[in-house]
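For reference, the chain that follows is the form predicted on its own, supplied as structure tokens.
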Amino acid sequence: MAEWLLEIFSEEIPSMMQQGAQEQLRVLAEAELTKAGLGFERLRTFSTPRRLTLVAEGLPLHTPEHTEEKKGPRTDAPAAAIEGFLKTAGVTREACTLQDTPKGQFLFVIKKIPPQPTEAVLGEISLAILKAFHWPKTMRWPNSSTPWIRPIRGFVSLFEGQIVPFTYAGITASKTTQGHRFLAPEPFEVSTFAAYQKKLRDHFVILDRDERRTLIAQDVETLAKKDALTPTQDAALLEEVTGLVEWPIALKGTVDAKFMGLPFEVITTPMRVHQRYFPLKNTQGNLANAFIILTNLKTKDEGKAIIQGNERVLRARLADAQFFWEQDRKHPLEQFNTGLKIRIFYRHLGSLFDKVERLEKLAPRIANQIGAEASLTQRAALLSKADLMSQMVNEFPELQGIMGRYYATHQGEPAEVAHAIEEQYLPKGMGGPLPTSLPGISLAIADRIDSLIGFFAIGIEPTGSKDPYALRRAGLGLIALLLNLSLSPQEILAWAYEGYQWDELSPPLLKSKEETIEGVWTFLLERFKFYLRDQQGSPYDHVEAVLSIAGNASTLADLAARTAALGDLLKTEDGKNLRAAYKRASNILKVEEEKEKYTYDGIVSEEELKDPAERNLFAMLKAKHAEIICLTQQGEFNQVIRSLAELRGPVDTFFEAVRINVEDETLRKNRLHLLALLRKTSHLVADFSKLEGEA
């Protein structure tokens, strides 16, 4: 069994794209090898800032023998069509076989493909991988019309130490690669993956991304401990830095003491976001006047010049931040709202100040629904966007909301108001932290609903992969906010629509309130399916079964609880048997209803119940139907599930003892109504017909 090594060597790949590219290389290679019939024992991929690498181990030396079948035209097709097919296939008419199909008799060419040397196939596979590769953004460079994330500089492609020839982007594969750009730029040859990985390390490149990440985390921790400090935990920063260096070296710099009076986020944002430094904390948990840099260079002065250069850059950024901090606090926060009047939120949706005025009306109404102080929420809404016009946020947009909290606190606003200004932007991503204050929750909900209603009303909705106004993110954030609240989203959507001054905004296309609300609600329910699947582990069909019954009448919290309870039921033996009984009843009803052009509605005549099993089932259904309705209104969905599960015994007994299609027409129809009552009672929980797989 043999080994194939493929390296794509290029200029620096953006750090946050490397992991996705590494996984894509693995998926494409696996698909192409499988398509060629080449099995393998292990397939691994690697990434550094300048290379993507693949190694497939345990490959056969030849492809397996196989046949290829090519379908031609019908036997009675025009002669020119048949001749063209024969010419393309490279065969005569006599070499074709005739096969009958539902559409007539066709010509087929069946060729037996003999085994081929694996190295002859790997060149084609390499090209297929490169051509199929997708980057979020690409570029072209001189002497090549081929798009790639960054200019390609070389390929290594070796099978059992021998070059697998192919040419792409004007570059031919070889056995030569390069190490570190500065520490060891000389080209060198490789023969096997083991030699390749070792020589890269000898040339100051750590190929394995996981190894680099672990090494960086350890070096940062060790260097910080020398001064009794600890690094702030930041997984995203660690991942990004891992993609910036091939030979990581940690260095410690110092922050000028005069800047340590600035807010924590003002100091750490330039460090983390702009410079990719690791901030440090002291033993009391406070920010220390030190940071750690990860450099890609090993220097004779042990990094002193690098440290000084980075300290100088940070000093300049913090000097600007200190100036902005002092200047911004000279003005009341509300005064910044004046600038919002000339900053457009979106054409036909008004300015940012118009949005603030809408939030002032909408957020307190939501606050009243969840028990928040309406006056504090209204005040927070008035100041919610003011910091967008501050000099600090203009320089560091990542600090929106955060600076609003600091400035509100500085001017003596209540703590609830200050925190709500910051919390309006939470959650910032799937699974992110939620607002903790009720005014913050109210404002966060109002902000997202106002945006969704506005864009949907003027016909701007996410399409395919395009979502330039982040409406999907707004929808997912709104879902996370509503999951723990007994709020009617549709009612709030109506308030938001009514809050727009549509006559003044004059959009050329304006949907009605009903159409807009329906569009946003449908959009939220689609996002809700994905949210529950990712966060709660609920299968898609479980969510669909619940939504089809209660999607327009329930809060998202109720829908989530219903879905979780349904999942719990279907894990039990009672639930599985009840589902099977539902399916059996539904199939019987479907046949009879289609035949009779009549829908059975579950109106059972108790006097016509003859068998003890059907009388018992009717009594149980009647009791459970009322009980489930009551429990559903109370939101006791686990109790609902337990109640429904108790039907399992009577339903099993009924199907064992009772025959449905009897000669007595009155009795037959009454029993069909009894099955319809079972269906109707089950539908109080979910539409079991939406569940996939075997019952």
Partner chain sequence: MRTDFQSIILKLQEFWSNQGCVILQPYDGEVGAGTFHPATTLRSLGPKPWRAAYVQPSRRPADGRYGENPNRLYRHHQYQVILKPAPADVLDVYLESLKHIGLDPLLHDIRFVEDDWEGPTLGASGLGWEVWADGQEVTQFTYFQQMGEIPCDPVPAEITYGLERLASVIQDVDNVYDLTWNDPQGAAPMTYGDVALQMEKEFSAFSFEHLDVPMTLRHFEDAEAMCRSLLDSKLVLPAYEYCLKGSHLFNLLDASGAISVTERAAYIGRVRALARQACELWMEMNHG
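In this text, rigid core is short for the largest set of C-alphas that superpose within 1.5 Å between two forms. This structure is a prediction, so every number in the text was calculated from the model and none was measured. Residue numbers count along the first chain shown, from 1.
Same protein, other form: the form predicted in complex with its partner chain, not shown, and the subject of what follows.
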Next on the checklist: Looking at 542-550, 240-248, 92-100, 67-75, which stretch has residues with any non-hydrogen atom within 4.5 Å of its partner chain in the predicted bound form?
Outcome noted: 240-248
Item to check | is_contact(Lys137, its partner chain) in the predicted bound form, heavy atom dist at most 4.5 Å | outcome: yes
Next on the checklist: At 4.5 Å between heavy atoms, is Pro142 in contact with its partner chain in the predicted bound form?
Outcome noted: yes
Checklist entry - Glu23 near its partner chain in the predicted bound form, any heavy atom under 4.5 Å? => result no
Checklist entry - Using 4.5 Å between non-hydrogen atoms, is His203 touching its partner chain in the predicted bound form? => result no
Checklist entry - Within 4.5 Å of its partner chain in the predicted bound form: all of Leu570, Asn661 and Lys669, by heavy atom? => result no
Checklist entry - Gln105, Ser488, Gln275, Asn289: which sits within 4.5 Å of its partner chain in the predicted bound form by any heavy atom? => result Gln275
Item to check | Selected contact from Gln197, Thr409, Thr295, Thr232, since only one has a non-hydrogen atom within 4.5 angstroms of its partner chain in the predicted bound form | outcome: Thr295
Checklist entry - If you look in the predicted bound form, which residues in 17-38 sit within 4.5 Å of its partner chain (heavy atoms)? => result Met17
Checklist entry - Once everything's superposed on the core, is Leu183 shifted 2 Å or more at the Cα between the shown form and the other one? => result yes
Next on the checklist: Rigid core superposed, CA of Lys137 - does it shift 2 Å or more between the shown form and the other one?
Outcome noted: yes
Checklist entry - C-alpha of Ala169: shift of 2 angstroms or more between the shown form and the other one, rigid core aligned? => result yes
